[in-house]
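Read on for two forms of one protein chain; each stands alone as structure tokens, with the labels structure 1 and structure 2.
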Structure 1
């Protein structure tokens, strides 16, 4: 086996791994209950396992491109975002004030000296 074959095969494995993880995470967006997610995740795994035996590099590239197109077509339009993650509802809700700004807590109170 040549180095170019091994490099291309490693790149394909990486693309398949990334595609599977993205599809699995997106399955959580479509499943309302956890038991539904488990069924969908099993079906997704079966689809990936069904093509595990393919060895032709060009066929694998074509199958990956088709799977990525299918994933992009069926991606959830409003994915769940963890509230404290970027894009979440709590992300930077109470940001720290910029440096140089002094917060005066006793504003408006008279000194009784």
Structure 2
């Protein structure tokens, strides 16, 4: 149980978690109706659980790389992104105007009206 082994395992676990998260979101993008999504999500979970007990670091690395390639192949072309997040429709839509700008009301009417 050397430190480098543990560090590699921790990095792999983090990659697996992030991959699971993105795959789950992608599943929700493809299968919009909830009952279909639950079935697909269980299937995804089964796939992750089946490889849970692998111990060898290189095998794990290879499996993660394969899974990431599969994820990239299956990515939805128009994913649902929350509107105000980067990539969404409201992102930087109405930025706050820079300070020091004043609106002049009644332009041209100051003098003789």
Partner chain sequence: MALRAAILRHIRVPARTLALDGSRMQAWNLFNSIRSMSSHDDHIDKAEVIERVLSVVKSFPKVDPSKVTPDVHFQKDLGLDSLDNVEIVMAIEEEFKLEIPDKEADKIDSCKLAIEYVYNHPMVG
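By rigid core we mean the largest C-alpha set that fits within 1.5 Å across both forms. Positions refer to the first chain, counted from 1. Not measured: the values here are computed from a predicted model.
One of the two isolated chains is the form predicted together with the partner chain, namely structure 2.
Once the rigid core is overlaid between the two structures, residue 101 counts among the residues whose Cα shifts by 2 Å or more.
In a rigid-core overlay of the protein, residue 91 has its C-alpha displaced by at least 2 Å between the two structures.
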